[in-house]
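Let's start with one chain on its own, the form predicted alone, as structure tokens.
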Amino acid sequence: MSLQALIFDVDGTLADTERDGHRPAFNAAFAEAGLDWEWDIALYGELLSVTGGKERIRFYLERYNPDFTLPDNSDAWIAALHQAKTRHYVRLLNEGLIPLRPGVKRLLDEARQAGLRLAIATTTTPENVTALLEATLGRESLAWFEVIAAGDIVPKKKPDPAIFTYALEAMQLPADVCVAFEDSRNGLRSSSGAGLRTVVTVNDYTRHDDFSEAAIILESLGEPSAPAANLGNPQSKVIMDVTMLRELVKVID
């Protein structure tokens, strides 16, 4: 059997969306709703321990703002607040303020040329995925991914493996012919739980997480002009490509 598919997380993996995308979008939604909440960079790093935007709002209220009284229709109220946040996030994307991480477009192009199948497995909303892909790669890029597993399509979010299991089942592929790409501890727990070998590209929020289950831990996917540091071997620099991915999964072509 040979390497057949790559499955990508979105936030923090395809682009550094968390600190400079989702966080200010949440704050804009709060201000629009007349709330005096302000999620600064440090606080947002702590809130990232919870996956899912609506879940993150509830966690914030329980842990950091317990005196706030939710309305009776709390689920609908939080959902509306999260929808407003998504609208502000899309605006930031359309303004070109959230570029792809180094090496992402290059690897996607190489994978497509090599005939590898592509999928997405993320806890962010389908709207956020569409907005990011269209803003950074063009509308045609939506067709590159045969499965976009996003948001509430499964009942449990990362670190539960359900979202990756869903993607594998939709592609009718076993985990051992696929490679996942993640940036966080919760993401790695999710992909590993689904049996996937995982490439981790850290960011400022996650670089100190435990990634012991990862196949390789990198600063980014790397570019020919700027190879990425291999955090498991500080003396080496890496340009993650299809050949290296095949080696990671020990595929015999």
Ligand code: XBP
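Position 1 is the first residue in the sequence shown; the rest follow in order. Just so you know, these numbers come straight off a predicted model, no measurement behind them.
Omitted here: the form predicted together with the ligand. The next part is about that form.
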item	value
Interface segment, criterion being heavy atoms within 4.5 Å of the ligand in the model of the complex, picked from 29-37, 193-201, 48-56, 220-228	48-56
Non-hydrogen atom within 4.5 angstroms of the ligand in the model of the complex for each of 18, 125 and 183	yes
The ligand contact in the model of the complex: residue 44, any heavy atom under 4.5 Å	yes
Close approach of residue 82 to the ligand in the model of the complex, 4.5 Å, heavy atom	yes
Partner contacts for 147-162, taking the ligand in the model of the complex and a 4.5 Å heavy atom cut-off	158
